[in-house]
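A single chain, nothing else alongside it, follows as structure tokens in the form predicted on its own.
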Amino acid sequence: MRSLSDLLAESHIFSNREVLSPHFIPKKLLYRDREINNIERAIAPALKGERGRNLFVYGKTGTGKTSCVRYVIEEVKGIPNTRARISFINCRIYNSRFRVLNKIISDHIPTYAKRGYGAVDLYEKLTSWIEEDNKIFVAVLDEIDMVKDLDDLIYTLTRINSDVKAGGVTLIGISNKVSFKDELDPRSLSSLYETELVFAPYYATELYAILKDRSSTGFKKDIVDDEVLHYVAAAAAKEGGDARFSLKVLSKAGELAEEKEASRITMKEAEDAIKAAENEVVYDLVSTLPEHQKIVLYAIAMLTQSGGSYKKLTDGVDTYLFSGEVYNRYRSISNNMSKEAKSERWYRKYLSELEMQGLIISFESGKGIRGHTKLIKLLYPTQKMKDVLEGELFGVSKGGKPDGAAEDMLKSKARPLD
């Protein structure tokens, strides 16, 4: 076991750990010039004192959405005499209209923020603050889909543009979920007047170049070789082109090498780091899902493991499930949880979201398989997925014992409805 003095001593592996963090913004973001340019175009009118179009940025986790927006914000900070004012708001933390408004006021009028005012008071103060010198306020809402009363928030912020005589508000929303706007009220949608920007996943070659760039300053000389970098990049590409995953793996591999007091990172450390990161990725992805998406995913995991009312399809390696059978199991689980199952229309949207997150894959079957039907496959290890979901849905930790209704639910195996 390493002593505290060992932990405080200078690392023989890392030269700058921060560079290997997914949250570090480098001076140059590789392979994202087009996306950065589009964000700059969206924000440019605000820098000239004009209202711009709202922008919504989409993409899977680890595709550089937040990093690119933050990169542009840092650029803006270096521009003198601009009327634009910007707030970057993490909606996982500030997850309601009131909290977002209070965060904006805290950023720009801090003496007003802690006086116990309500949302209407905050709105009026924000409006007068914008009007006093014709400001253009840019609200960057990261993980915007996490806001509980999103309709109210969007309507409130866009309404400012109608209520002020000069100045205005521009929104930049960032989300992993392309279809989150489908749940918005028509009046909120009509007020958006937005453009959209989709971030594609990174290729393995791009991830390798990113890792090569970061490792050159993150590690000391000759700590990691190209074989390890290519291996980690390939693993991250398999995870859906996730740069965040690749950086987590590389940093963890460095920590494992340091714990062993090894002189360099080998394939063994890389392999162990990938296994650890995969567990974190499953939890991170599942924990952010809305409850009914978790239930659908749990239905898929249960059927993949134990089978259902129809014969499963398998090619000897992978297992495929009928969409109808998954929907029946979802309804049964919802019923056992005393939840009202959503309609098939919503169920199809949930499948699309789960596929967007890289948790499942689906495709239409050919003729001869019960007519045309959608086939579904789970993309993560079944038991690992079940363990995470049982913790999220029923408070059951791996190896733990569920309580009351959760225990009854698990004992029942959620038999499908006829």
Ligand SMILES: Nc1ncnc2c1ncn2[C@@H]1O[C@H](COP(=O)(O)OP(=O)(O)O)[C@@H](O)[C@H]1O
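In this text, residue numbers run from 1 along the sequence as written. None of these values were measured; they are calculated from a predicted model.
Another form, the form predicted together with this ligand, is not on view; read the next lines as being about it.
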Among 206-214, 287-295, 96-104, 223-231, which stretch has residues with heavy atoms no more than 4.5 Å from this ligand in the model of the complex?
-> 206-214
Which of these residues, A139, I154, A243, A273, gets a heavy atom within 4.5 Å of this ligand in the model of the complex?
-> A243
Identify, from the list L247, A301, V326, A257, the residue with a heavy atom within 4.5 Å of this ligand in the model of the complex.
-> L247
With heavy atoms only and a cut-off of 4.5 Å, decide whether N336 touches this ligand in the model of the complex.
-> no
Using 4.5 Å between non-hydrogen atoms, is P26 touching this ligand in the model of the complex?
-> yes
Answer with yes or no whether N38 is in contact with this ligand in the model of the complex, where contact means some heavy atom within 4.5 Å.
-> no
So in the model of the complex, does any heavy atom of N54 sit within 4.5 Å of this ligand?
-> no
Candidate spot R32, G62 and T66, all three in 4.5 Å heavy atom range of this ligand in the model of the complex?
-> yes
